[in-house]
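Below you'll find only one chain, the form predicted on its own, shown as structure tokens.
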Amino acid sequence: MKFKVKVVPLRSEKLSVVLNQNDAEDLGLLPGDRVKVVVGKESFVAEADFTEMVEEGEIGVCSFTAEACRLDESCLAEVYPVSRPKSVDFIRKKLDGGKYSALEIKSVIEDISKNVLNDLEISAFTLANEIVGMSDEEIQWMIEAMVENGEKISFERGIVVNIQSIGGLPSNEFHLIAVPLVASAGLLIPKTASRAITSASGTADTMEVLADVNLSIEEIREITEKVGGVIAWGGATNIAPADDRIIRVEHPLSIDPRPQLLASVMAKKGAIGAKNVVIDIPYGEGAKIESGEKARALANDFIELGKRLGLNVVCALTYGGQPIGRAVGPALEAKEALKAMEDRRGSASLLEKSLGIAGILFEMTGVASDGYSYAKKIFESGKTLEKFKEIVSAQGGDEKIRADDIAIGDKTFTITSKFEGAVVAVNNKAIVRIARSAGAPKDKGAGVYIHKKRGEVVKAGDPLLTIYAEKDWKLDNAIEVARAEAPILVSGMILEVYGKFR
């Protein structure tokens, strides 16, 4: 049957179409069934639903589908029912405890990449990986399929390296320092980063305060070859698209299966041509990985997969028992990182991590035998700041911007210590909940600043945490969360007193 295309005001991040109920019945369709839509010489498979928003003889498409498939209301489309994809049977096999063959897992990933599988089916795939698991061989095949079904970057010159954190910590903006530091040494580092899903700011959210991160594959290549590095949002490209679609369903399920965690990192590093990769694995109370034993096991998995894929992988196990820096939220983190580069000093843990991870890359590539000392020398020379300004300018930002120019939320509230003592704990998850309640990451100026971290001495009345927001009602929400969560715990030497005084 032929239909006139109509763009309808529906929000969707997947290929979908809507039909009039009578047309759907003529085609023998039920809600959620798939159809093949042919427009001229192009075609795509989409989910079909029914609505009164379209008349008989019309096919409704949301703006996402219209843009992705280059459709407008002058188009005519032919619509045919299609059967359920074979990859659904392969997912069922895994749920029953089976093992994927190379062809089966590649079929699943290809269908996810091309929007053939719906969110329910991708959720089943993700749950199967969480419950049943995957062998190293299956994970390798999945990574290869993710890379094959997306865009790739190749460079004609230079040594291509990369860094990646498994995330899960607030104030983890070390990439903004480490990337220009590495690029200053002549290495190529095309860093593709994520936006926040459950955190207060992803690396892409933080960098976006200073420059455009919505770069194409070609722009990433050109900027990296021109200035040595880039910090871009991976979601603006088509690098390993299956990974982004899997992440989308992981969030509401609140799971991050080991196979997916490994594949997400390794596929994106492989697709950008990096041969030497450092993976940051923070562990500690409140981190994604809480024990050293689990962190070392994950590191071994990454290293083994690296060997299978021809990548030289080194993992840095880092302290994750509290936020890395002191600032949490896009503008606050950008301000803290830029200020550290301007002053050539700053939060000890933030600089230690930035220099340490850059130093590992220098040793891996033979740039220096003592990587940390070499990284420290570059940082203290001011070359890191110079390179960062080059990267910001190349990505369309203002290279003259200073940390003091970055605007942060003007609605503030400071939590102070009620008594004298020392900070014994900073609750990562509570800090994130407060920052998100204040409006981060959507409101760039929202977040929190941590005045006192673990081990630091405080007096009664000293500030512990300042909340920043752009709207009064969001500040009120954040204050309420902070009062309920106790984000920073202060204790004296005497914890409790038992017994009665006579």
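Position 1 is the first residue in the sequence shown; the rest follow in order. Not measured: the values here are computed from a predicted model.
Keep in mind that the form predicted together with another copy of the chain is not shown, yet the notes after this line are about it.
Work out which of Q260, S417, S123, T365 lies within 4.5 Å of another copy of the chain in the model of the complex, going by heavy atoms. Checking each option against another copy of the chain in the model of the complex, the one that comes within 4.5 Å is S123.
Going by heavy atom distances of 4.5 angstroms or less, which of E137, E110, E290, E130 would be at the interface with another copy of the chain in the model of the complex? Looking at the other structure, the residue within range turns out to be E130.
Using a 4.5 angstroms cut-off on non-hydrogen atoms, would L76 count as touching another copy of the chain in the model of the complex? So L76 does not count as contacting another copy of the chain.
Exercise: K442 in contact with another copy of the chain in the model of the complex, heavy atom 4.5 Å: It does: once another copy of the chain is placed as it appears in the model of the complex, K442 has a heavy atom within 4.5 Å of it.
Is A297 close to another copy of the chain in the model of the complex, meaning a heavy atom pair under 4.5 Å apart or at it? Although another copy of the chain is absent here, A297 would stay clear of it in the model of the complex, with no heavy atoms inside 4.5 Å.
Would you classify S43 as touching another copy of the chain in the model of the complex, given a 4.5 Å non-hydrogen atom cut-off? Residue-level check for S43: no, no contact with another copy of the chain.
Looking at heavy atoms inside 4.5 Å, which stretch does another copy of the chain contact in the model of the complex, given the options 65-73, 26-34, 448-456, 461-469? It is 26-34 that comes within 4.5 Å of the partner.
Does each of N22, D96 and D119 have at least one heavy atom within 4.5 Å of another copy of the chain in the model of the complex? Yes, the whole trio is in contact, each within 4.5 Å by some heavy atom.
Give, in sequence order, every residue of 254-288 that has a heavy atom within 4.5 Å of another copy of the chain in the model of the complex, or say none if there are no such residues. S254, I255, in sequence order.
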